[in-house]
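Single chain ahead, by itself, as structure tokens, in the form predicted on its own.
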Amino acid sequence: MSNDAFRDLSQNPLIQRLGVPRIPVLRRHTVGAPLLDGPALVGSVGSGRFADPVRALLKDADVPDGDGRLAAVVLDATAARTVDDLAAVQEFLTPAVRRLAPNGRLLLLGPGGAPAGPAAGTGDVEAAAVAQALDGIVRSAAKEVRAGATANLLVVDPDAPPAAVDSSVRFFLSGRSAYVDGQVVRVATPVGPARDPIGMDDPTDDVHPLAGRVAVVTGAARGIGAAIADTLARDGARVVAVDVPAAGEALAGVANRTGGTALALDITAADATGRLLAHLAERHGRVDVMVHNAGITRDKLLANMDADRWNAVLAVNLRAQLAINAALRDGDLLSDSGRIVCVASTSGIAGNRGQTNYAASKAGVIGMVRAPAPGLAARGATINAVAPGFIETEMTARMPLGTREAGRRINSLRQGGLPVDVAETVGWLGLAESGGVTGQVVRVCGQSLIGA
């Protein structure tokens, strides 16, 4: 839970009368909650292929059409090709955004795959410009919508079947995406079955969408790692919780709470990868979701950085992940719908003073995710990164008040996120149904104004 006293105080009507802005309480997912708590409006520009399937998805989720305030606005702009089409986008969005309710969701689907470089013709250049314009629209709209509402964009491969966007549409409309704002996610044509070949997960099961999946979470003893383990277990996965031997008691607590198993392991040890894979082979015979969450900081200005600090951070945050991922790619333990999810950081995107080692490691994670994505996709597997921003943890609670308050307020939602916000994003990427999302970096930062 957040310990944001200013946000809580801002809910008081007397305080609001003094001119203090109200900081919204975000709508987060709870088991059994509906996808949306009100009606949705779905529209399209031109001959988009996704508006009708999205309407069908919402109908199956018992989301009504309706007048008045809207819980969600979805616009299929995948057929947008001209500047005139952008005028149609504005014509649809302006009245719709006025009706968007607190904690509402604005989701655009845009075109992907436009030719670039010498192969691009005149029409292709305009189409590419229009596709990029949608990016600007969404990022700006995310800064404009209020009261906990968010805006995001799915850029869809022209050959992707409508079902390829289903898991992403559900995620971005639901309370699971409460702290994901102003983001652009590309959806490619998935390779292999849309769902797990042995029927492991059912994306329409709101209670246990990860039922039967085997998930490994490193750094699982506390903080974000523990939240990831809890969330994956809540959604039906069998969790293998991994952390250093010194965290054994806390790690055992996580394993007991989630009904999973604990593996005390220093992932930087020379035999760590072999021990992890042997454990998975013996206990489960496979891994479906590999979550690289383990990470450390050893902050120091670059002018004062020493080799020990540098090497320690790179060893945990990057080198160990590279070794484990290489073994999974080359072996047969990663299932055909395997999902590798790596926890990066906004520090790896925007940089951070005193964290050249940490930023190097987290930027390295992003490169590590993008490079092998096409090869993994050929076998139906994916690899993605989640980049948290300011997340309320024990570490942030120890920050000086001024630093903590600045971290909380410099984003579109004007508050820090919670560990569960990172965990929900990991859970979405861990679905077998999310096979069209790979090589992506999804920021869980409330649209931080730093590095936005």
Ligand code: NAI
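Note that the structure is a prediction, hence the values are computed from the model and not measured. Note that residue numbering follows the sequence shown and begins at 1.
The next section is about a form of this same protein that is not shown, the form predicted in complex with the named molecule.
- Only one segment in the set 253-261, 229-237, 295-303, 88-96 has any non-hydrogen atom within 4.5 angstroms of the named molecule in the predicted complex, and it is 295-303.
- Annotated contacts: Asp166, Gly435 and Gln447 are all free of the named molecule in the predicted complex [non-hydrogen atom within 4.5 angstroms].
- Here is the short version: of Ala373, Ala133, Ala327, Val244, the single residue with a heavy atom within 4.5 Å of the named molecule in the predicted complex is Val244.
- This chain is displayed alone, yet in the predicted complex one of Ala79, Leu265, Val184, Leu277 has a heavy atom within 4.5 Å of the named molecule; that residue is Leu265.
- Contact between Arg222 and the named molecule in the predicted complex is found at the 4.5 Å heavy atom cutoff.
- Taking non-hydrogen atoms only, Gly416 never approaches the named molecule to within 4.5 angstroms in the predicted complex.
- Interface residue remark: Ser345 is counted as part of the site for the named molecule in the predicted complex, having a heavy atom within 4.5 Å.
- Mapping the unseen interface onto this chain, Met395 counts among the residues with a heavy atom inside 4.5 Å of the named molecule in the predicted complex.
- Residues of 91-109 include none with a non-hydrogen atom no more than 4.5 angstroms from the named molecule in the predicted complex.
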